[in-house]
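Shown below, as structure tokens, is a lone chain in the form predicted on its own; questions about how it binds or moves come after it.
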């Protein structure tokens, strides 16, 4: 994207929009976790849309001129018709659209719904769940007429998509949520660009991350030992200095891009994979399967099958944050 497009919109105070689609809201909290930096953000930008924090309406955005929003930080996956509509609207109104967090960049945890169909999900939630009491078999309707008018709900999609699968995305800030220190670095860089007329990074740049893997950021010793079984973190007392994967604790570090600072693994918690696949890796789950294959202490197919069977919820673990952008995309019927 040419920097002139940005510069033309910089005559006045730059405008910032933040939006929350299909996600848990942690990305919104991460912005606040920048502490005093959030005051700098509010001082430098004119925050013109942040419905999570302030009273804004969709019609406020619809009334804006196209490309009048300098920067939009869009978090959350595209799960329903409302998510899609607002993604298209904010793309139309924004100079720069940023996929903010794992759900926007890769589908995130909401995209694990792609392991089931929409009908299977609705059947369980409204009929089969042990916590559900629904004797009349009521399901939500997208439109319902009442005396006061028509009540409407978004249409739930069968497939959860990443932001980049429905609109053009300029930049990605990964993480679940993005680390506050990385958010601060990105904000400082954006402010510097806007203040001093510097060129924007190449389109498609992943901000707040680098080309290494989480393993490269991890301080633990790696001796390429072979493992005989997988265990869950609560089942063992892990050696605080040795690679978690080599202790049989499933850690996504080999298949996850660097940028978080290795905070989880250095605290004794295995990497979950929230920063997405490293550069030049097409499928995070396939990369993790390859990494596991390199540490199994057997070549016997039956033993391999038994050992792999000890991994709980392999699909949900390997694709916890990247299902939408994986080669699988979703389970086929």
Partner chain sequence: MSFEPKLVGFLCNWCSYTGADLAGTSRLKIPPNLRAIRVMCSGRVDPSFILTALSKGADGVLVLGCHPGDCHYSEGNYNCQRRLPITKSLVEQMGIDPRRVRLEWVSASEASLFQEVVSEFTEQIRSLGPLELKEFDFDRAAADAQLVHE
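Keep in mind that this is a model prediction, so the values were computed, not measured. For clarity, a rigid core is taken as the largest C-alpha set superposing within 1.5 Å between two forms. Numbering follows the first chain given and starts at 1.
Another form, the form predicted in complex with the partner chain, is not on view; read the next lines as being about it.
Participant: With the partner chain left out of view, choose which of 205, 158, 123, 134 has a non-hydrogen atom within 4.5 angstroms of it in the predicted complex.
Facilitator: Here the answer is residue option 158.
Participant: If you check 236, 191, 185, 115 against the partner chain in the predicted complex, which one has a heavy atom within 4.5 Å?
Facilitator: Among 236, 191, 185, 115, a heavy atom within 4.5 Å of the partner chain in the predicted complex occurs only for 115.
Participant: Each of 282, 313 and 318 near the partner chain in the predicted complex, meaning some heavy atom within 4.5 Å?
Facilitator: Yes, the whole trio is in contact, each within 4.5 Å by some heavy atom.
Participant: Should residue 165 be counted as a contact of the partner chain in the predicted complex, where contact means heavy atoms within 4.5 Å?
Facilitator: Output for residue 165 is yes: heavy atoms within 4.5 Å of the partner chain.
Participant: Is there a heavy atom of residue 299 no more than 4.5 Å from a heavy atom of the partner chain in the predicted complex?
Facilitator: Flag for residue 299 set to yes.
Participant: With a 4.5 Å heavy atom cut-off, would you call residue 129 a contact of the partner chain in the predicted complex?
Facilitator: Close contact is absent here: in the predicted complex, residue 129 is far from the partner chain, nothing within 4.5 Å, heavy atoms only.
Participant: Given that the partner is absent here, does residue 85 sit within 4.5 Å of the partner chain in the predicted complex, heavy atoms only?
Facilitator: Residue-level check for residue 85: yes, a contact with the partner chain.
Participant: Where, among 45-53, 32-40, 263-271, 304-312, do residues come within 4.5 Å of the partner chain in the predicted complex by heavy atom distance?
Facilitator: Among the candidates, contact is made by 304-312.
Participant: Which residues, if any, of 60-82 lie within 4.5 Å of the partner chain in the predicted complex when only heavy atoms count?
Facilitator: Sequence-ordered list: 62, 81.
Participant: Relative to the superposed rigid core, does the CA atom of residue 196 travel 2 Å or more between this form and the one not shown?
Facilitator: After core superposition, the C-alpha of residue 196 moves less than 2 Å between this form and the one not shown.
Participant: Does residue 150 count as moved between this form and the one not shown, where moved means a C-alpha shift of 2 angstroms or more after fitting the rigid core?
Facilitator: It does, since the residue 150 C-alpha is displaced 2 Å or more between this form and the one not shown after the core fit.
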